[in-house]
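Encoded as structure tokens, the following chain is the form predicted on its own, with no partner shown.
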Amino acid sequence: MKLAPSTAGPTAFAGGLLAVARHAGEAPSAAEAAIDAALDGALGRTAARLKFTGKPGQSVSLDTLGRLPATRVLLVGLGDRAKVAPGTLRDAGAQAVDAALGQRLDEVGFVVPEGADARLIAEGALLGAYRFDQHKKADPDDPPARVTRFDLLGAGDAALDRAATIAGAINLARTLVNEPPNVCTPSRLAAVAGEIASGADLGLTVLGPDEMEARGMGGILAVSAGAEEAPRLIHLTWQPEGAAAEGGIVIVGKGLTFDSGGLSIKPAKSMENMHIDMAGAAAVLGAMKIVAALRPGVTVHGIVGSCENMPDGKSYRPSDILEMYSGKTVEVLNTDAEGRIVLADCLHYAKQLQPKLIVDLATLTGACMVALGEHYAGLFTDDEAVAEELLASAREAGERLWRLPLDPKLAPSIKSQRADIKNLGGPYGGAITGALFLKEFVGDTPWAHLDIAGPATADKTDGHIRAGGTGYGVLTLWRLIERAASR
């Protein structure tokens, strides 16, 4: 779908669907009034009959019957002007796309409301247009509807270029999460990293099993031992001219492209969606795609630890003791607590880059979903400044993030009698003990862990959030990088 700025007045837009917005408790804008006048008051009468008050998600749609160049008009609600959030505007853009698709109209014109950020509406349109349907056979008698053009009446080119970059990166992350594990393998993630780095002045290092063996990365090697697919540690680097290699931001993603649970095998039902266990890696690659395009003035490293966790005669076992890249030893109690073992080696690798901050993202625990539900990610850190920075970044990005305690009283539960630590804590606070395990591998480096098990996927479409992989984390990571670059 092509985004395009337009200086056309609302009553002059010649396309399929013309969308206009209204805030709750406010009179119709000049654009809405002009459209209503051209329709002989039909829009206002229909809105009143349907009790349209401008609440978010509300809409009124009607055919213009030739009274306007547009085929159909859509009135959408934005809610209270003082409470409009980034997600509200993205949802409005997606709402317009959905309405056009429902009517098989291939062009949309959206009147940008006064004071609104056109970029967010454009992002929402592109996110709303996303479909993961490449594995479906098209019906030649009923081809899928497509919106080919989205005009923003009153927007400029720069805002739309930026929107296309950001939405494109989120949609890349969504696709990686949605792809089946026979397509999205560790080598596939490495290839995507190569595409991001190519021609963008990003450095790329990819470690395979031999390089991991030479470095002593006992964690990721153990988890991947039962798989035919070889593991990959992927490291993308953006270093702006004049910036130091040290002191930047490192973002780290868990990249389990399929998780059977290993010898501690999951029930069949729990294995059905384990292609999504690399959503943290997808978020990192999506954020690095934005970095490659927009070139922020701060050093950024993106690290992905990717492998499969499969049962086999070579698989690592409950009761094994692993020597990690850091030199710490880990007693394995459950091979299905594998993400933290992979991340442990990645975090020690990240720590050696001497960054100012490390942030990891992982679909780590079901316990976090029990605590927060499906729409919030959990934030764990013992650094107040880091917590505030991430919470502010998520809020400004329009993603839901909630801080949970990194409770030191639970730390003894991961101590082992046979090794330095074990990969499972007690029966309670599983999201916390998972985070405490990761903390063992960052030393004194400022660090935060985002458990994204809930919002990494969605069961159903909700505004600009589409069913399936959501691309959660890309926006928060990019806003974090933007804030760091502005200092």
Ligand code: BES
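Note that residue numbering follows the sequence shown and begins at 1. Being a predicted model, the structure only gives us computed values, none of them experimental.
Quick note: we don't show the form predicted in complex with this ligand, though the next part is all about it.
Taking the partner from the other structure, this ligand in the predicted complex has no heavy atom within 4.5 Å of any heavy atom of residue 73. Taking non-hydrogen atoms only, residue 179 never approaches this ligand to within 4.5 angstroms in the predicted complex. The closest heavy atom approach of residue 323 to this ligand in the predicted complex falls outside 4.5 Å. Contact check for residue 365: a heavy atom falls within 4.5 Å of this ligand in the predicted complex.
This chain appears without its partner; in the predicted complex, the one residue of 259, 91, 345, 360 with a heavy atom within 4.5 Å of this ligand is 259. Of the candidates 191, 204, 353, 274, 274 is the one whose heavy atoms come within 4.5 Å of this ligand in the predicted complex; the others do not.
Not one of 170, 289 and 479 comes within 4.5 Å of this ligand in the predicted complex, counting any heavy atom. Figure note: of the listed segments 402 to 410, 108 to 116, 335 to 343, 240 to 248, the one touching this ligand in the predicted complex, with heavy atoms no more than 4.5 Å away, is 335 to 343. Heavy atoms closer than or equal to 4.5 Å to this ligand in the predicted complex belong, across 449 to 465, to one residue only: 453.
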